[in-house]
Ligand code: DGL
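The chain below stands alone and is given in structure tokens; this is the form predicted alone.
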Amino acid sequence: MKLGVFDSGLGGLTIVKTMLESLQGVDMIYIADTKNAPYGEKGAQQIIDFSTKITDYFIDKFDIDALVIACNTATSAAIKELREKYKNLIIIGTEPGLKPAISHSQSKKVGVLATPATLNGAKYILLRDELSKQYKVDVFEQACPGLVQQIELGEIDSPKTISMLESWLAPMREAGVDTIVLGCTHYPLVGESIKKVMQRDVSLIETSNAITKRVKELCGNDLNKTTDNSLKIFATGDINENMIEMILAQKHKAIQIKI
């Protein structure tokens, strides 16, 4: 099975890693749209245009069977349009794990770290309002401008990154938040730094396992359990290959492409 996966940068590799560990018989093609990163601070129509061009590239060059949008922001902005345009393509999106976080929280105080575009998305707002009312939970939201760029640079626990996290997390720490939704696929990479700043063993909710499970559900008949996986990584601009190795725990070279 040929599976296309894309994100604005390296964050989507956190999902790729889980899929590589859990699936068999997948030819995976990953595109990091680093030329246009970060998506979280772009307009909705721009993100739709980027996502459409990447999907066209996947179909034209690789004839993919399924697409994983490994980006919360691109899912929020573009998945509806992509599903309407590519009706015969299986498309799986990434959304913040708000419901499992609310179910898990003991203090009924849940934090959400995400990009501005994700937090302003109509689908997310509707879900948040419904769940917080239904479960009587306080939701503490925080946009994290600049954090994706820090992660792309490999600044996982640098003083600047810790200082940024401290400014965003201090209100959650003081409010007694015990569960935090990582609403961007980059954010699991600073999970340990988040726990350090929170000064307690908070639960961090990300969705790579849920996405992998969904791929199995929708594509199970196309998976060949007797063959190994393969992975090709492409980038539309500069990319930190040391970070690729850190995320995947193996060397991979990113091939530069133009879309």
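It should be emphasised that the depicted structure is a prediction, and the values quoted were computed from it without experimental measurement. When you see a residue number, it is the position in the sequence shown, counting from 1.
What follows is about the form predicted together with this ligand, which we do not show.
- A residue is said to contact a partner when one of its heavy atoms sits within 4.5 Å of a partner heavy atom; Ile102 fails this definition for this ligand in the predicted bound form, lying far away.
- At a distance threshold of 4.5 angstroms between non-hydrogen atoms, Ala78 is out of contact with this ligand in the predicted bound form.
- Looking at Cys184, you'd find a heavy atom of it within 4.5 angstroms of this ligand in the predicted bound form.
- Heavy atoms of Val148 reach within 4.5 Å of this ligand in the predicted bound form, making it an interface residue.
- Remark: of stretches 231 to 239, 245 to 253, 5 to 13, 19 to 27, the one touching this ligand in the predicted bound form is 5 to 13 (heavy atom within 4.5 Å).
- Contacts to this ligand in the predicted bound form (heavy atom within 4.5 Å) from stretch 84 to 102: none.
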